[in-house]
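Single chain ahead, written as structure tokens, the form predicted alone.
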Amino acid sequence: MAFPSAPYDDDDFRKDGLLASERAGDNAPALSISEISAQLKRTVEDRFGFVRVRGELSGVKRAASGHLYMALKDEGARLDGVMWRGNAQRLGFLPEDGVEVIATGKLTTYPGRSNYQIVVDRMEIAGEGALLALLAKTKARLEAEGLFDRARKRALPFLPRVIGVVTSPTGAVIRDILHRLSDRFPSHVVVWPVLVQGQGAAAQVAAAVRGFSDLAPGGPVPRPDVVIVARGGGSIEDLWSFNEEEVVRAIAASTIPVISAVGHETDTTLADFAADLRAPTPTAAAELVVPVRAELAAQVHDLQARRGRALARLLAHARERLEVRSQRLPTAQALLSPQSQRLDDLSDRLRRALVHRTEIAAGVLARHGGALRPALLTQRLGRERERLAAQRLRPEALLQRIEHARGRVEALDRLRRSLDPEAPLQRGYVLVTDRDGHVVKDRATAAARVALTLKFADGPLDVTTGQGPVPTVSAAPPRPAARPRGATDSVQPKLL
């Protein structure tokens, strides 16, 4: 391939179509991606500023910010969608995959991904069929978790002291319940007012059921013995709050028995399956929760009468049995005659024994009566007095014994002083010991020791047996002791 010797200029490239160029009067200027995306966004939003689309939910996801992301699809197309947090919080149902809905909003584009989507302002279930399909799906899921098992059902108290009611405070339902309770058995009723339809109704009903369970016994607000969740009749949309999963789980987790009285007898909600008992109507719930007071009083009266008749019949039968058995018993005379005869025999023997014992005692008294004369007793009393006087303590005898004991103590003290090994030291003698404290008694033993200790009356003195100088006393020199009379400095120590 040959190239020209001279380089190309811009006109040559424009002629060949390689460089883009804009000519005067050109009505198709080049746009940037952002510009074309912005124009497309304005066009779509102006043309489709308000649309209603019908489709099946898919990929439903709630972000941490509260925004709801989803996709709407049918057999041939798919449309992404987003619902901002404020609108998502006002939804009357829980969006799930597979639910057919009608979404109201506007179409817009998302330049970051080069696609379009719908910003949903309102979402509704597409028809009663779709609503029933969602209801069946939710019921199957909760039933699989065991929330509707019969084993979870609890018996209602026979006569509750406090009855809790979760319903609207202004509707006819609460008036019907209170009127029916007052007719049957007046009771203490605590009403927890809630919305029973529309946005936020499910959350309020669930919070009320949980609130009754959280009440402490004996608190300022009495804790109910049973709770009635009630609402009047209506369409499936009107009753939908009682099909919400939040309400069903609150009823199933309640620590107080719950009666569901939602709608009429033909109406059925998921709250009915989770409750411990379902009442066809709110008025029927009041009839189920308490008995009729008059009937109860009549029943008590009848039971009292039956008890009286039973006791009378029992006493009559017991009286008959007693009469029959009493006829078979022996008479009192027959039972006591042997014992009476024995008593007479023992009484006669006792009388004879007492007479005989009295005669023996009289003989003994006669024999010993001479020794009990007053003269003999007076003589013996004088001897005993003399003996008692001889046994009294005399001071002379005590002083004599004390002097005798003092003499013995003084003799023992003199013996102690004479046997004291250090007593001769006061007379000029010396006690000689070795380093181990053993007493040296002879010259041979002293010569065998290298060092000796001479103990004087005024203190010890360490000496050696060698030719070296005698070491001095390690302690301070003691004061010179008083010399014995006639002693001189030339007196040599003596060995003990």
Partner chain sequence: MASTPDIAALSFEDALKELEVVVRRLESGEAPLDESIDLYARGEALRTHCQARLDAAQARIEAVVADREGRPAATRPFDGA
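Residue numbers count along the first chain shown, from 1. The structure displayed is predicted, hence computed values, not measured ones.
Unshown form predicted together with its partner chain; subsequent notes refer to it.
Partner contact region in the model of the complex: 220-228, out of 92-100, 220-228, 326-334, 118-126, criterion any non-hydrogen atom within 4.5 Å of its partner chain. Among residues of the shown chain, Gln339 is not one whose heavy atoms approach its partner chain to within 4.5 Å in the model of the complex.
Its partner chain in the model of the complex comes within 4.5 Å of a heavy atom belonging to Trp192. In the model of the complex, its partner chain lies within 4.5 Å of some heavy atom of Leu314. When contacts are judged by a 4.5 Å heavy atom cut-off, Gly86 does not count as touching its partner chain in the model of the complex. Comment: its partner chain is not present in this chain, but in the model of the complex one of Ile236, Leu288, Leu425, Leu178 has a heavy atom within 4.5 Å of it, namely Leu178. Note on contacts: among Ala361, Ala375, Ala297, Ala405, the single residue with a heavy atom within 4.5 Å of its partner chain in the model of the complex is Ala297. Contacts to its partner chain in the model of the complex (heavy atom within 4.5 Å) from stretch 150-171: Phe158, Leu159, Arg161, Pro169.
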